[in-house]
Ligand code: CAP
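To begin, one chain is listed below as structure tokens, in the form predicted alone.
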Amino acid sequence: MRKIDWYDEFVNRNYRPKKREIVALFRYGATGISSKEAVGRIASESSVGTWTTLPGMPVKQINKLKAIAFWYNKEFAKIAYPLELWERGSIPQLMTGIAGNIFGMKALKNLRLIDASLPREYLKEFKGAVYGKEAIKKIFKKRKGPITATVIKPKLGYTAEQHAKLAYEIYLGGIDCVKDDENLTDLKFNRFNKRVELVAKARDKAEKETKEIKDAFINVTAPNLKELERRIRLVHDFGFRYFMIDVVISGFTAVQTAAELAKDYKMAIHAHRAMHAAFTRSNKHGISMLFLAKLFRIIGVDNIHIGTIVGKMAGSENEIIAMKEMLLSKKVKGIPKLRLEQNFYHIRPILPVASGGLHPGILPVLFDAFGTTDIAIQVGGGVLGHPQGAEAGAKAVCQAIEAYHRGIKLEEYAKKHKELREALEKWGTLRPM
């Protein structure tokens, strides 16, 4: 019978990837075909192949562009991609290959992109973050972290005036930043322009009274790039040093655009990962949060949410710690089934953000895993749910941090700090679900 497919030509266990190639790590499940046939299909469909042989193709050129599955077992595979396959400086185009049609192939019952190692020649087109982890020193003038933030809760419902009033109280309590939630953009009851103006006034007043630097992670996520640019410009013009964007929902094109503007304005980007779990939560299918975080670091965000281990969001401790290390390191070693080796070269380290179900009583457990030096923590309900209100809730968080820095147990420190004591009386060491 005449050969009609050529998937086996994309598999070569003797192949050794070149330094300038991109290498991707996949977890896969095949549907009634061999492992070799399955990984050949992944390599083919994500590079230059298709389901049948093509007699008229430019063979010499195509052979140079083939992805090669060079290592695999019954569950995992590594595939090498020639750099010529990829448009330089374009994360959207990269993802059309290594995370594109391959996820829809009937020959695979599941497929997960775990990580991809990106060579220096690919990375050189990206500038990375403006500040990265140095935002602690360069923006907030603090010798070490954490950067503290409070997201106004409930997520929606406050007017711009009410939002700004809460921001002022939170600032007075000692928190560095207030943050919009992921679905707060430009709503009838809380208009974007008005919120920016009023929070800026609250910030200025609080800075004068506390002698501390205050800022805000205002959500610039927008329906189109023109409006995105306008919102970033407005936030900048009101003196904020940061802005926030829902990076997954907005998409790679919007985030790359936002990163270019951040460099022009010398602003930092707070990256919210809303919607990521729709395709990161399964450990057998989708894309890992670790790889998404890597991409957004390369594009140029300064902070990104990664989970807490102790909070309400799903995520294994191993993956969260692997992400933290990846974001903060110039070079990381590979971890089997979890992470590939990566040298970031000129791309700055950025801050992991611990967020989701935090309150003062569980901060010591978080700090034991994350440290306090290079981190941003975000406490929403754990501030605004304090029995005495937002300012007291902010103080309780700051007191918990002070206690940890001094090596004093929270219960002991709470004896002389009523805000912390009342927080512990309400929540104890509860881990929200």
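Numbers for residues come from their place in the sequence shown, where the first is 1. This structure is a prediction, so every number in the text was calculated from the model and none was measured.
If you look for the form predicted together with this ligand, you will not find it shown, but the lines that follow are about it.
Colleague: With this ligand left out here, work out from 164 to 172, 177 to 185, 253 to 261, 339 to 347 which stretch has heavy atoms within 4.5 Å of it in the predicted complex.
Modeller: Selected stretch: 177 to 185.
Colleague: Would residue 219 count as a contact of this ligand in the predicted complex, using a 4.5 angstroms cut-off between non-hydrogen atoms?
Modeller: Flag for residue 219 set to no.
Colleague: So in the predicted complex, does any heavy atom of residue 46 sit within 4.5 Å of this ligand?
Modeller: Judged by the heavy-atom cut-off of 4.5 Å, residue 46 is well away from this ligand in the predicted complex.
Colleague: With a cut-off of 4.5 Å between heavy atoms, is residue 357 one of the residues that contacts this ligand in the predicted complex?
Modeller: Contact check for residue 357: yes, within 4.5 Å of this ligand in the predicted complex.
Colleague: Contact with this ligand in the predicted complex for residue 195, defined as at least one heavy atom pair within 4.5 Å: yes or no?
Modeller: Flag for residue 195 set to no.
Colleague: Of 118, 151, 299, 247, which one comes within 4.5 Å of this ligand in the predicted complex, counting heavy atoms only?
Modeller: The option sitting close enough to the partner is 151.
Colleague: Pick from 273, 236, 203, 324: which has a non-hydrogen atom within 4.5 Å of this ligand in the predicted complex?
Modeller: The residue in contact is 273.
Colleague: What residues of 378 to 392, in sequence order, lie within 4.5 Å of this ligand in the predicted complex by heavy atom?
Modeller: Residues within 4.5 Å: 378, 379, 380, 381.
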